[in-house]
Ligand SMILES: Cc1cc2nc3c(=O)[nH]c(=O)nc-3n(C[C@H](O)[C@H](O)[C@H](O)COP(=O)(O)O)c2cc1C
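There is one chain below, alone, in structure tokens, taken in the form predicted on its own.
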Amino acid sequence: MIFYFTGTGNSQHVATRIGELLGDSHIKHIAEYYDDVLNCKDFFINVDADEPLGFVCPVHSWGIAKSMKRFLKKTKINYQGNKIFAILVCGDNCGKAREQLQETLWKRSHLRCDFVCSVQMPNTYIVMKGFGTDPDELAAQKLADAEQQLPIIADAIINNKPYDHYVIGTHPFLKGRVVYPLFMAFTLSDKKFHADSNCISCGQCVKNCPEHNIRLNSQKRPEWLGHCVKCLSCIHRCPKQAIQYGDITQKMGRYYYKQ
């Protein structure tokens, strides 16, 4: 069984492709468990011992995405098998995301995940100055490299081979132990999200939000409900590029993984 979280489709593609290579048809977006995780004090999931257990999620500000961290902290996973792996999907590098995932999984479920690697996919973070989507050529190269890498990862999982590809980047302690907690505490507000005049009230932002954080108001305009995780699905998947974040994103590119 593979649990994944995705906003713009990168991690969904990685999880799906790895599942195909492993012959694992149990690929679960953790958004399926959203209400259970929030409303249950102890939420339990049983995984058969004869199948691998995997986690795939994006790296946000050099740490694991908030949705995956919450899932791991609030879900008790019962598993007696011996293959546990994680794939962290990053635009550039991962900082301390590996250690955060391992620590969180152990504290809640007493499961050790020693196989953790990273896969680079196109950048999607566009709501802060200095960041942006990759140029088309770089995005295409990252996608091509990932397609070459995923069979190698699957082979390592199946055959218990060592595989230590993990792009940690510079200053991992500073990024993972200082920047990431500050990001989680102070930058996840959705107050600056809005729809401009290009909005056609199609409701795709509502449909695609994995956090159930958007609804259409009485004027059929999207409004955000205050529990955003900055996955940016709403911005990147809007068919009219009508969703903006303050005045930062008007001239920014858009990207989501297209099968």
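Quantities reported herein were computed from a predicted structural model and do not represent experimental measurements. Residue indices: 1-based, along the sequence shown.
Note that the form predicted together with the ligand isn't included here; everything after this is about it.
- Taking non-hydrogen atoms only, residue 115 never approaches the ligand to within 4.5 angstroms in the predicted complex.
- Among heavy atoms of residue 231, some come within 4.5 Å of the ligand in the predicted complex.
- Contact check for residue 123: a heavy atom falls within 4.5 Å of the ligand in the predicted complex.
- Contact check for residue 183: a non-hydrogen atom falls within 4.5 Å of the ligand in the predicted complex.
- The partner is not drawn, yet in the predicted complex one stretch among 32 to 40, 213 to 221, 59 to 67, 192 to 200 has residues with heavy atoms inside 4.5 Å of the ligand: 59 to 67.
- Each of 6, 9 and 93 is positioned with at least one heavy atom within 4.5 Å of the ligand in the predicted complex.
- Of the residues 72, 157, 86, 89, just one reaches the ligand in the predicted complex with a heavy atom at 4.5 Å or closer; this is 89.
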